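Presented below, as structure tokens, is a lone chain in the form predicted on its own.
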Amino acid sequence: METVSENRSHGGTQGVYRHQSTATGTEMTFSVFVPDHAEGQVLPVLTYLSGLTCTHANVTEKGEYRAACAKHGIVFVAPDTSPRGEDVPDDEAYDFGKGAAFYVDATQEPWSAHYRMRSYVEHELPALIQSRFPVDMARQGITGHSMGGHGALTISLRNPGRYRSTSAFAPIASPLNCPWGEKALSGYIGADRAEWRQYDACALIEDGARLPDLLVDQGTGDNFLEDQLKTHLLQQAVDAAGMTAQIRMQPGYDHSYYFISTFMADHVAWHANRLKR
């Protein structure tokens, strides 16, 4: 693992790191914030998955999580959204290819060789974090924004008991029912929509997956709300399942990091309450 940079911030260390991934077959970059702590102490960890067109840098530079994580003693991990490199296939559109891997393990050529972000986030990255940082992987939380909110929800739903806490900012709630999801899943997974259900939070809940509770914030001024995010379908799914969830519609907020940073401290505190029990 190569250290790209480390900086003191908010009573902790913000680092950016690079390693060769076996899951994607490429170099992968991620950031980690570690609050100051006693020697030998291990801390809860919160993983944040970013959205379309983003890298690890967007939340690292604009997420405003460090003060809250330092206050609550939470390690914050932010991976990239896709494999990168000259040999990695791409698409001219912003919503497919590099920066838009959708946290799936692709099965279709030419994407299947490198686009394995599900395996990377579910298995490889947590093992690397555990081996190199002072974390207690029995106390994990996961969150994310937009495409990353979709990733956080589906990864947690597919792995019951692994994450003590799950939240999301403006998640793509039902990729089976929106243009972003239909494009990504048909391209990466193929035409069989039954195979898509493992990558759709609403479908997973309908099929029996459950979370102990859930926090979602969604801005009412988000221009993607009606066509792409489909928050109402997530509300319908959790209501039908009798699942505990706070889905908060925040008046006037859009899809940007102005929105995310406004509610980030709330989410960190919400996770801390569950991770430190």
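Just so you know, these numbers come straight off a predicted model, no measurement behind them. Quick note: we count residues from 1 along the sequence shown, nothing fancier.
The same protein has a further form, the form predicted together with another copy of the chain, not shown here; the description that follows concerns it.
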Selected contact from 210, 62, 232, 37, since only one has a non-hydrogen atom within 4.5 angstroms of another copy of the chain in the predicted bound form: 62
Which of 238 to 246, 223 to 231, 63 to 71, 41 to 49 lines the interface with another copy of the chain in the predicted bound form (heavy atom within 4.5 Å): 63 to 71
Non-hydrogen atom contact residue 11 with another copy of the chain in the predicted bound form at 4.5 angstroms: yes
Contact flag, residue 273 vs another copy of the chain in the predicted bound form, heavy atom cut 4.5 Å: no
Contact flag, residue 253 vs another copy of the chain in the predicted bound form, heavy atom cut 4.5 Å: yes
Another copy of the chain contact in the predicted bound form: residue 3, any heavy atom under 4.5 Å: no
Stretch 22 to 39 - residues with a heavy atom within 4.5 Å of another copy of the chain in the predicted bound form: none
